[in-house]
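Take a look at this single chain, the form predicted on its own, given in structure tokens.
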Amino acid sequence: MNVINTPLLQDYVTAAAALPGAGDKRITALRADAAASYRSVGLPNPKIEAWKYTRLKDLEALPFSRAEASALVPDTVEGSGLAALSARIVLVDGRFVPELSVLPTQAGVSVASLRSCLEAGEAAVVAILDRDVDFSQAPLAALASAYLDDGAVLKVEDGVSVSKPIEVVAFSSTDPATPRIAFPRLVVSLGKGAELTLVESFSGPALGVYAVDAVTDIAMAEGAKLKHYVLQAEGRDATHVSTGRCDLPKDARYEGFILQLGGKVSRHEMRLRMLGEGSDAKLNGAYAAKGDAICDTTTQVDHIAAETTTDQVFKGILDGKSKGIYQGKVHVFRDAQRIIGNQMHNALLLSRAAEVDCKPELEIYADDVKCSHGATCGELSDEQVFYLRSRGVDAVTARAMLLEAFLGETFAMISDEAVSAAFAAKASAWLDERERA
């Protein structure tokens, strides 16, 4: 077996026996398969095509240890800023914290800790965790699954529509003595015809080295509708990797948005499988990076069923020596006739030292399809800045207005107005901080 890097599994043998559900054969097999896959692939490096542009330098160089349950639970944790919520689920260092959470009261909506579900051996939860997983393509998800421990399980029953968003806040603490890595895990199950707006927000201390390896597993039944919004606002020195997986059956609807604003190195992967005719997905996003930060957005969409539709639009702003990456792959299977799959990525470079790497891909095995991809990058238009200045706007304000307008086009794609406003406010705060720096 070719082992590239295994330091992050150094305590796995002893830890595995104490993890919840260790006596359940299916859970134990899932963890063992994940650990074996990670040992064979190792920590991703540029020799792996999907990681060509992103290197997890701190995870390679520093002695990270697995974050244990925090003895000191913070009084409050920052999330997206949404005020009107149906529920607020708080994870600290990957562990469900009921005393900071506000659980749903609506009939047909339930929240439980993942640990309790694993200890009870809940078949439905294990099935979601264990479905068609190819860990060789997702080594960080493999690492997280090897240490499968705690998180949250959110269920919405058949026909139930949740009126207000549910937010899951994943907060990471730091240990000055030893860098730590947390594994937040979220399992979402939507019944037939169910409707939910879900917001995930990731954050941590502004200063201090820590790492997050998050996985979100989403299972949707026929006709379900999910609005899924992700905010990554980690601390300046954090390493953040998250993997989302969602299967769409017949007539399911998915609206996703990814906003990345923090971290030293961040990568968000989203994998959609269009399994049923009539399913539709919109996956959009925005990112902003400065200094020497690296921000990676990677998506994979598999059109497996006929008559399915996906659209993707991502925009980014890069300053200083930062680097932005967008990798989007649309795979059209042989029987997936009459599908539509579009991708677009636009980036603004505010510095000559900034870099953007864009790799849209189409892999098509059907002949009756409509697919497109496009990418642009460039600087702010001097003509647009001059136009605003000629009308009495100073140069700094003019540039700020243009940058907000550039990202604002993506926030307009968020159909939930409260979430759109909250995400726009987060981006505006990032731009204000950049101007003050």
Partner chain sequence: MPSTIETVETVQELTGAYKYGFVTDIEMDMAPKGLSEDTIRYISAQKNEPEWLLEWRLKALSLWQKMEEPKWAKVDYPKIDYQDLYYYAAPKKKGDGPKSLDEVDPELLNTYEKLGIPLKEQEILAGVVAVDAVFDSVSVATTYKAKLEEKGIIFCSFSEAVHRAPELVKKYLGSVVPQSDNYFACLNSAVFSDGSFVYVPKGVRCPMELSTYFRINAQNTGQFERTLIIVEEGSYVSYLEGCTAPQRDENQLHAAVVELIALDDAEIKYSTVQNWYPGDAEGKGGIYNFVTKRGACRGKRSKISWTQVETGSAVTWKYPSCILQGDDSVGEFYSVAITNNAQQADTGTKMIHIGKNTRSTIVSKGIAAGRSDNTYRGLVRVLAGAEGARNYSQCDSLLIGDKCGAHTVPYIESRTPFSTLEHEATTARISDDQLFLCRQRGLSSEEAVALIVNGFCKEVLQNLPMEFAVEAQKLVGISLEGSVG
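Numbering follows the first chain given and starts at 1. None of the values given here were measured: they were computed from a predicted structure.
Keep in mind that the form predicted in complex with the partner chain is missing from the display, and what follows is about it.
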{"query": "Of V199, V90, C117, V356, the one that lies within 4.5 Å of the partner chain in the predicted bound form (heavy atoms)", "finding": "V356"}
{"query": "Contact check for K250, V265 and G278 against the partner chain in the predicted bound form, heavy atom at 4.5 Å", "finding": "no"}
{"query": "Listed range touching the partner chain, judged in the predicted bound form by heavy atoms within 4.5 Å, from 38-46, 59-67, 376-384, 24-32", "finding": "376-384"}
{"query": "4.5 Å heavy atom contact, R55 and the partner chain in the predicted bound form", "finding": "no"}
{"query": "P360, heavy atom within 4.5 angstroms of the partner chain in the predicted bound form", "finding": "yes"}
{"query": "Interface membership of R131, the partner chain in the predicted bound form, 4.5 Å heavy atom rule", "finding": "no"}
{"query": "The partner chain contact in the predicted bound form: S173, any heavy atom under 4.5 Å", "finding": "no"}
{"query": "Within 4.5 Å of the partner chain in the predicted bound form: residues from 110-131 (heavy atom criterion)", "finding": "none"}
